[in-house]
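Take a look at this one chain, the form predicted on its own, written out in structure tokens.
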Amino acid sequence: MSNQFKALILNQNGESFLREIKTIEKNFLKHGDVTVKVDYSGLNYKDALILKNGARLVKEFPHIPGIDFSGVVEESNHKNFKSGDEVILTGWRVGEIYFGGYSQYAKVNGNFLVKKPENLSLRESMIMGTAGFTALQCSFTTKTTREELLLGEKVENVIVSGASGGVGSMAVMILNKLGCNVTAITSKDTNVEYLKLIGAKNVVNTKELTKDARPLDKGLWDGAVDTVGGKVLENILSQTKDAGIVSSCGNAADVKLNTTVMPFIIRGVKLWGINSVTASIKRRKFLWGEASKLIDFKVLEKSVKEISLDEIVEVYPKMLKGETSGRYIVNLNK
């Protein structure tokens, strides 16, 4: 392990919030029992919030953000990992209360790591990252939970909100691969062609779902993946058919939800919250193992932007303003 390496360091001094690329030494890393040479990380919406002002998630400074990464184990005091193992990390509040992936080396609790499946590359695992892992959770919940766990009817027509974003775009692709007719919601008409390329059968503008929702509207969807919350989620709930599952994983539009009990008690609709942070290792291994079957990385590459550590600070404000689309990955060797 190199004794000196680069990392993005956050610091707070009174009202000042600083973001700097610094050269640090390995004794700066203070958490965990496995040291990983990081190859790739991602830029997620939560990362952008943390980069802005800590988002009330970071408790101690200085801090290294970055909520996901992939790389190769350099040193290990954990029974399940040895030097040379290729690993993936998402969640577990890494990048929030623990140092994260915006560093050429990371030191983390081995219980947070998953060995990379052979059919994925380290780069592909971060093209997915937290966004892709969340999309897998949402898609399996919306379709497979209803069909297999709850022994319900087949899920055919589904809707995905925030379909231009990292989670939404991958959910469109996954649900299409799982055999669903996917309607994608986006505020960006320029992304219609791309959304159809990755599997959307229909594309609607977000404006169509920002009206005040009825307690119950015409049933259109067997299930849904919602990444934005607010009025869009309210309308999706009122339009979901009997026994449909709506997977909810984001609040980019609004944290508030003004709805009634009608979809739940009249149609038996289920609003299923998705938290990718603390998903079990067993579930993580299963979902990562399914990834290569459901993601067409050649197609997804069209929406991937690869940036360096230095470029993170330039890009995150655009993400917060809704000016980005697709998936941003950070190459720590760039």
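In this text, residue numbers run from 1 along the sequence as written. These numbers come from a predicted model, not from an experiment.
Beyond what is shown, the protein has a form predicted together with a small molecule; the following relates to that form.
Worksheet entry | Proximity to the small molecule in the predicted complex (heavy atom, within 4.5 Å), stretch among 143-151, 160-168, 217-225, 109-117 | Only one stretch qualifies here: 160-168.
Practice prompt. State the residue from V277, L57, I281, I266 whose non-hydrogen atoms include one within 4.5 Å of the small molecule in the predicted complex.
Written response: Spelling it out, the residue with a heavy atom inside the cut-off is V277.
Discussion item. Counting any non-hydrogen atom inside 4.5 Å, which residue from S76, S187, Q104, N176 sits next to the small molecule in the predicted complex?
Written reply: The residue from S76, S187, Q104, N176 that makes the contact is S187.
Worksheet item: Is T206 close to the small molecule in the predicted complex, meaning a heavy atom pair under 4.5 Å apart or at it?
Response: Yes - in the predicted complex, heavy atoms of T206 and the small molecule come within 4.5 Å of each other.
Worksheet item: For C249, is any heavy atom within 4.5 Å of the small molecule in the predicted complex, or not?
Response: Close contact exists here: in the predicted complex, C249 approaches the small molecule to within 4.5 Å, heavy atoms only.
Item to complete: Give a yes or no for A253: in the predicted complex, does one of its heavy atoms lie within 4.5 Å of a heavy atom belonging to the small molecule?
Response: Yes, contact at 4.5 Å.
Discussion item. Since only the chain is shown here, I'm wondering whether T130 would be in contact with the small molecule in the predicted complex (any heavy atom pair within 4.5 Å).
Written reply: Yes - in the predicted complex, heavy atoms of T130 and the small molecule come within 4.5 Å of each other.
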